[in-house]
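Coming up is one lone chain in structure tokens, specifically the form predicted on its own.
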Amino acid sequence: MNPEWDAIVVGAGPAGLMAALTAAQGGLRVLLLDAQPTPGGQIWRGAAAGQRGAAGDLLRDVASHPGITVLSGAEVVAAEAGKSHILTVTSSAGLTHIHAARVILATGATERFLPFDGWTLPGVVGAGGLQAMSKGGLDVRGKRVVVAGSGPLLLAVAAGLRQKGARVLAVAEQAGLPGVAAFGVAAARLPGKATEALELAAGLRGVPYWADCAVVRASGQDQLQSVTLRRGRREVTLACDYLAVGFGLMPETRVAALLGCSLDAQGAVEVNVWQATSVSGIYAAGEVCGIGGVDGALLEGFVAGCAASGQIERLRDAPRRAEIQRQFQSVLERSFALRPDRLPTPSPATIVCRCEDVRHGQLQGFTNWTAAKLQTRCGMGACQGRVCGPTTETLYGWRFTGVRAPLAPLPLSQLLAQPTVLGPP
């Protein structure tokens, strides 16, 4: 018999941290896994336990709870659902099998990238990627930055970069002004959001915000030198050092797919009111269930932790709070829905699959993901379609079906060695 944890939480962002703490408060022995070196996720990257605010409080409570074991730098590469769910993770220690009666997926979201001429130039970076690099020590002081794409993340990225000393030249949003305004009104109605919005606006004072704006191309010899945007009927070219671009967030559902969890029409993990998935003993919380922001992620993590540990009495107020978050999420989806006339238009020579150098012109004759993959190697590189799969869904309407183990490249030494088994203390 392999030693079994009471619960494994995959992902140490806000949802995962809250789920782990709540489940441990219910008496479960919890293993909290995360691929990053430290807990916090993208939104709380760099936060420290005990610092002032919600992030510091939650990180402190998780770190000090005797029922929680945190394993950072460990990425799930395979998963199998069963009577005892099995996750296989890779870390500096090699491959490890972990068994658990319950699994809570809090794997968050990834950025959606859409190709345009010049998007592979050095200096063109995902919006969240540049945010992460600046938090990790990249010096952006004095650098000219254009932030473009879609979604409220653009504003947070722009404000964070400006705080680090960058010169943010513009925020270019593909959504129209009515949609952006509707989102602002909905956000202001949530507790505490009006204050956050005012602080964000203060941090971006003087930065042009262009709604109804499309990225046309990035230009440069060996690195980014300028970006061309389309505003209405005219084009504007801005000389810049960085273009931080992202077209919204997508639920990160690869581990869920390996476990057999059903997805909804928007590609998020389908859950019931208890955050339970279609697979017995597996729960999901946070952005993996749909993009809704940090408050929604914390609430869903709390519900999942309570449900997994049987603390149903703590959930009396959860339905009311969840309905508020669902309304906010609905407004978010409508406000920043991608509009074909405001998306980048790649040329035939534009690379779509960066791993295998497959270009837009090579893919236009295919009708589905599988045919294109077999004939062009699109999606067969190191990322296994994690980037180009969702891109082809947006460009061509294909359904990405390429999820399989291992989810990340593994060294041959790990594959040849006997995996260890990690059990609770």
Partner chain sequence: MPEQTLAVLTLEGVRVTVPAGTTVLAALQNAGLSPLRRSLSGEARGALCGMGSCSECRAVVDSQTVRTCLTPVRDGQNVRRLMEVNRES
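Residue numbers count along the first chain shown, from 1. The model shown is predicted, which means the values in this text are computed figures rather than measured ones.
Keep in mind the form predicted in complex with its partner chain is missing from the figure; the text below concerns it.
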Query - Contact assignment for its partner chain in the predicted bound form, among Ala276, Leu332, Leu258, Val125, heavy atom within 4.5 Å - result: Val125
Report summary line: Note: exactly one of Gly53, Gly365, Pro66, Pro37 sits with a heavy atom within 4.5 Å of its partner chain in the predicted bound form, namely Pro37
Query - Site test, Gly137, Arg359 and Pro411 vs its partner chain in the predicted bound form, non-hydrogen atom cutoff 4.5 Å - result: yes
Requested in this report: Give a yes or no for Gly129: in the predicted bound form, does one of its heavy atoms lie within 4.5 Å of a heavy atom belonging to its partner chain?
Outcome: yes
Query - Proximity of Arg386 to its partner chain in the predicted bound form, heavy atoms at 4.5 Å - result: yes
Query - in the predicted bound form, Thr120 touching its partner chain (heavy atom, 4.5 Å) - result: yes
**Report entry** Heavy atom of Thr110 within 4.5 Å of its partner chain in the predicted bound form
**Finding:** yes
Report task. Heavy atoms, 4.5 Å, its partner chain in the predicted bound form: which of 58-66, 378-386, 395-403, 23-31 makes the cut? Say which one. Result -> 378-386
